[in-house]
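Form predicted on its own, single chain, as structure tokens, below.
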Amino acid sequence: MNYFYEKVMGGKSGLTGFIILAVVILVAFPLFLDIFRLNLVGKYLTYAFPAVSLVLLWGYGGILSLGQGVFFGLGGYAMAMFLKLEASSPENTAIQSTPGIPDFMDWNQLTELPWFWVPFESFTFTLLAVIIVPAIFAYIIGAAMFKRRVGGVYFAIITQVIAVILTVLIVGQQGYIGGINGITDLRTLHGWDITTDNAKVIFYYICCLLLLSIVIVGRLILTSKFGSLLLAMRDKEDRVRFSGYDVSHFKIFIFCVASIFSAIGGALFTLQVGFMSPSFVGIVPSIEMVIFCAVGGRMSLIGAIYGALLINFGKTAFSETFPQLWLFLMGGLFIAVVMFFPNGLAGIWNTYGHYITDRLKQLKTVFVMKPSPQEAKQDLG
């Protein structure tokens, strides 16, 4: 228990930050936001999954990936395929020329379900695919790159190119994956209507609990011997290699873990929003995920979550108020954070948090220790 408190949660300050985050997303948001805004926040929190993954991969591992949208999309498409097959039952698609297949396949004159869609009729297989498929894809990329000691800016560019290639591939497969429109009109999960307000609230809480869980998993990784090696590889990779460690294995492992975290966020996004499209796979969403991490603090798991919330709240507010200028305002916000707070929101708290804490303690002492009027009269008597 003491190990969990001191190492995993980071002592009193770390546990306090975790509890504050839990209270904010599990209590404050549901209490003060209407169902539309709460569902919007749930969508923002799905973006926090790849942001947290980048803390492990980039912040501690020194591996900048500009393709986390790829894994976000793989998880989202896996879940969308299952939901689309349920929505494409023969009864629901009786008016099609070929009942029992998704509508976009029928529009493109396919007459049977493609072989790679068939396993997604199983929800168990789908859940496994959300984890295993991105991990396998990340392993292939990682083994190809890290075994050849490709890293730094070259790895970042390659992951960006992979995001472009996958986007083009999806767009070009209109009949098999939905093309530019993506997979849409997802309404039920085992016959349960996922578009109702009750379903949105349930999925919101599931998203929050899974997000808090991966923060704990991330802390377990970072406080282990492996976490120490990650930092050592980031700062002195050659020294770690000369010490007898195979650096490529560690890089591949953390890259696979980061891909799984991102994919879980993508699957939850599909459940909460009701569709998945290639617009969440390419360069722009991947770079935005890096921005979420940078603004929150690339060395803070919890900070990355606040970064995702802040940027997306800002994006929504600016786009609603200044529809013609919101991109410039968002760019200005990011530049300001990077220039004046290079360690992100977490860096602000680390720098000024103890002043706030000390002030609160002083106020508590004043109010608690100050004698009541009756006690003061007794003292004077």
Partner chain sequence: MGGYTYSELGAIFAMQGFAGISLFSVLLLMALGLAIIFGQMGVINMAHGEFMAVGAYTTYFISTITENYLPSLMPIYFFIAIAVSFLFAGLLGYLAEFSLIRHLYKRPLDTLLATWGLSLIMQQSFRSFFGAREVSPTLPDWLLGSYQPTEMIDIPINGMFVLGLTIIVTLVVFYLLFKSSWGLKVRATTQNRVMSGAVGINTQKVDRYTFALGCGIAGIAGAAFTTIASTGPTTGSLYIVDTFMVVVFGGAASLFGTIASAFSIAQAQSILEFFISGSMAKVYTLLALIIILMFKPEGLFASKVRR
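Positions refer to the first chain, counted from 1. None of the values given here were measured: they were computed from a predicted structure.
Not pictured, yet referred to below: the form predicted together with the partner chain.
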Consider the chain as shown here, without its partner, and state which of L210, L229, V290, V217 has a heavy atom within 4.5 Å of the partner chain in the predicted bound form. V290
Can you work out which of L110, I180, I157, L128 has a heavy atom no more than 4.5 Å from the partner chain in the predicted bound form? I157
Taking the partner chain as it sits in the predicted bound form, is A294 in contact with it (heavy atom to heavy atom, 4.5 Å or less)? yes
Just to confirm, L66 within 4.5 Å of the partner chain in the predicted bound form by heavy atoms? yes
When the contact criterion is heavy atoms within 4.5 Å, does F313 count as touching the partner chain in the predicted bound form? no
Non-hydrogen atom contact G172 with the partner chain in the predicted bound form at 4.5 angstroms: yes
Report the stretch among 75 to 83, 195 to 203, 159 to 167, 256 to 264 that approaches the partner chain in the predicted bound form to within 4.5 Å, counting heavy atoms only. 159 to 167
Are G62, V284 and I335 jointly within 4.5 Å of the partner chain in the predicted bound form, each by at least one heavy atom? yes
Hey, which residues along 115 to 154 are within 4.5 angstroms of the partner chain in the predicted bound form, non-hydrogen atoms only? A144, M145, R148, V150, G152, V153, Y154
